[in-house]
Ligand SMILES: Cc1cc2nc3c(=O)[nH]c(=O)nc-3n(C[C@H](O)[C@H](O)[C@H](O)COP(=O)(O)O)c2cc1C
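Shown next as structure tokens: one chain only, the form predicted on its own.
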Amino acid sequence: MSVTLAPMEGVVDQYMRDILTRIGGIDLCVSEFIRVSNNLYPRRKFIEICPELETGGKTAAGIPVHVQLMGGDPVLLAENADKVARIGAPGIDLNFGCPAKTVNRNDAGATLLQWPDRLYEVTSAVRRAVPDHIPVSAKMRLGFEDKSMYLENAHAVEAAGASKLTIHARTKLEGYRPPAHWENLVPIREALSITVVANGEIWTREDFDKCKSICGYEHYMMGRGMIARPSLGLEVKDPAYSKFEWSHIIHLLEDYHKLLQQMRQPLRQAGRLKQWIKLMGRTYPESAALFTRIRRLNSPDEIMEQVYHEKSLMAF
């Protein structure tokens, strides 16, 4: 079984990838998407989104980071894929799943799920453009407005030469609203010969067990669940593993703060700290309470004062 850390825009950047892969339980990361619209990007753009390209395409913990591209122009995507492969990307992933309105209005993301032939054209163009030893994968949803074409879309990606397909078990229209339709993943597994990866609504070990019992997959991608529960990768790989104690989370926040200091803008540092604390409130009541105290703070130092206060309380 493998676990992939999902490419969450504005959440899973190089700092979050670093902190989570150091914890363990993650076999692969996918970068935030690089929106390819009208040009061939310079090297600095790829490095900005995926700094791991300068360290062999891996995090500090040695976990590979595949670069995700998104767009609707096969030629431009192929050119950018070729360039980032030459820079050092260990793999290329194609985004056919982003549900954001701004993205879908501009011929990218989940909107392409309305035309299986376009999924084929984009995927095959990228596959031809990069060396054979570099894997090309794709991520899609079960459809745009409905689920009528999910098998056709999956077949198109496979026929185009992708070696792996990740399926988020909801349509674009459904967004991130529960439930995820894990039962619809079964026909895809049965129909395809390439590796298939299940994604969507896995927040706990219990969610994982239920998903696996329904879809029967061996490979999983997790995003929000991994952020809200940093030990989730370890838990799904070892049933004996328990979620981290709150004291461990405090130490992770300290480490994350140190990493975030590489950002030049303190306001952005504060935003990322608040974002993670808020997301972990789903798993830890202490984190939810902490967020209520720091939600209006815009200084990373002031936020960390509250974190250190939490740490001091545990000493008594």
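Note that residue numbering begins at 1 and tracks the sequence as displayed. Note that this is a predicted model, so its numbers are computed, not measured.
The form predicted in complex with the named molecule is left out here; the points below concern that form.
Looking at R224, you'd find a heavy atom of it within 4.5 angstroms of the named molecule in the predicted complex. Heavy atoms of F33 reach within 4.5 Å of the named molecule in the predicted complex, making it an interface residue. In the predicted complex, the named molecule lies farther than 4.5 Å from every heavy atom of S137. At least one heavy atom of Q68 is located within 4.5 Å of the named molecule in the predicted complex. For the candidate set N153, N95, N80, T123, a heavy atom within 4.5 Å of the named molecule in the predicted complex is found for exactly one residue, namely N95.
Only one of the listed residues (E174, D73, E201, E235) places a non-hydrogen atom within 4.5 angstroms of the named molecule in the predicted complex, and that residue is E201.
Residue heavy atoms within 4.5 Å of the named molecule in the predicted complex occur in exactly one stretch of 211-219, 84-92, 236-244, 193-201, and that stretch is 193-201.
With contact defined as any non-hydrogen atom lying within 4.5 angstroms of the named molecule in the predicted complex, the contacting residues in 147-173 are H168, R170, given in sequence order.
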